[in-house]
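Encoded as structure tokens, the following chain is the form predicted alone, with no partner shown.
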């Protein structure tokens, strides 16, 4: 949600910000509606004051046993006007919200302008690509040859974009999630939460999935949706809350399944595990004071990167351009891991600063000395577990078809060095 005061004071700047996000100039329409709404409020307040004054006069007249019919008729007339104005005010409020609710966050000044992923900018990279004496295989080729990944069985159970993992690869997936949670809670300062996988409409609205992206969600009955990411329940832990300043920063993490319809990804990545309707992820969420959110984004990025560093897997970090950022983001870094089987980089984490955009939608604030201020919210993958599994299979594959277990994960396998 946008600050209407900012739009009133900076209409051209706001339109320019929306333009680089792919939106048409809209400030004129917003301010026209806002003007009618405010003028209505002013007249409404005047009428309410007038009604109160006349009501006092009526009280005095009645106490003196004097006729108050004329004044009572005036009150009735004013009451009708008030009801009409309240309806108009609500209509304008709804019109304004219907526009603002569908507009993305304003990009940070350091975000590069661009239309899509081709305009993203390299921020940094770590490690180097592995060298193989053989042609590296894709993750699904490795898993299927070992008999540990089964897409046909998953399709029989649930349809396309699902997978069944078995034995050591299933154990590897579980080990990855345990390692990530241990790392983030014991070293990176996050508090682990176990959260619901079903949420209501208000929660999805708060983090920006609704109303604009309803087609990307799975419904569960009339009043619930399956979470597309643990960002939704974790961020909404502070919805409609006024926090004490000593409660900040809040750093939360959770391991959950995630459910996405992939409505806009028809035909993309139909082979393998890269784009699934159901996948698991360890999510990171921060709730901070506004002046700390930029440095918190860098901190969150470092925490996500630390997982790949411990796994000794090469990656790069990209600063997303204005046209490639998520709806609620003010600035986003994508971590892209190198997949030798595909011979390309693939996103494994997005870390975003949403500033006060989500907080306004959730009405999440904290107490300062003289007022209540909206918090800033951040979220990031720390990491996507399925894609981390893919990265391990492809980067640690061996010529004989086996897969080496990264040293950091061997404690979960009784120090076993390979999957088989």
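Residue numbers count along the first chain shown, from 1. Everything quoted here is computed from the prediction, not taken from an experiment. By rigid core we mean the largest C-alpha set that fits within 1.5 Å across both forms.
Although not depicted, the form predicted together with the RNA is the subject of the following passage.
Option touching the RNA, based on a heavy atom within 4.5 Å in the predicted bound form, out of 237, 103, 146, 72: Going through each option in turn, the one that passes is 72.
Do residue 62 and the RNA share at least one heavy atom pair within 4.5 Å in the predicted bound form? Taking the distances in the predicted bound form, the answer for residue 62 is yes, it comes within 4.5 Å of the RNA.
Is residue 27 close enough to the RNA in the predicted bound form to count, meaning some heavy atom within 4.5 Å? Flag for residue 27 set to no.
Consider residue 79 of the chain shown here, and say whether it contacts the RNA in the predicted bound form, taking contact as heavy atoms within 4.5 Å. Yes.
Does residue 58 make contact with the RNA in the predicted bound form, using a 4.5 Å heavy atom cut-off? Residue 58: yes, in contact with the RNA in the predicted bound form.
Using a 4.5 Å heavy atom cut-off, indicate which stretch of 376 to 384, 348 to 356, 41 to 49, 391 to 399 touches the RNA in the predicted bound form. That would be stretch 41 to 49.
What residues of 238 to 256, in sequence order, lie within 4.5 Å of the RNA in the predicted bound form by heavy atom? Residue within 4.5 Å: 242 only.
Core aligned, does the CA of residue 35 move at least 2 Å between the shown form and the other one? The answer is no; the displacement is under 2 Å.
On a rigid core superposition, would residue 360 pass a 2 Å threshold for CA movement between the shown form and the other one? No; residue 360 is a residue whose C-alpha shifts by less than 2 Å between the shown form and the other one when the cores are overlaid.
Once both forms sit on the same rigid core, is the C-alpha displacement of residue 58 at or above 2 Å between the shown form and the other one? After core superposition, the C-alpha of residue 58 moves 2 Å or more between the shown form and the other one.
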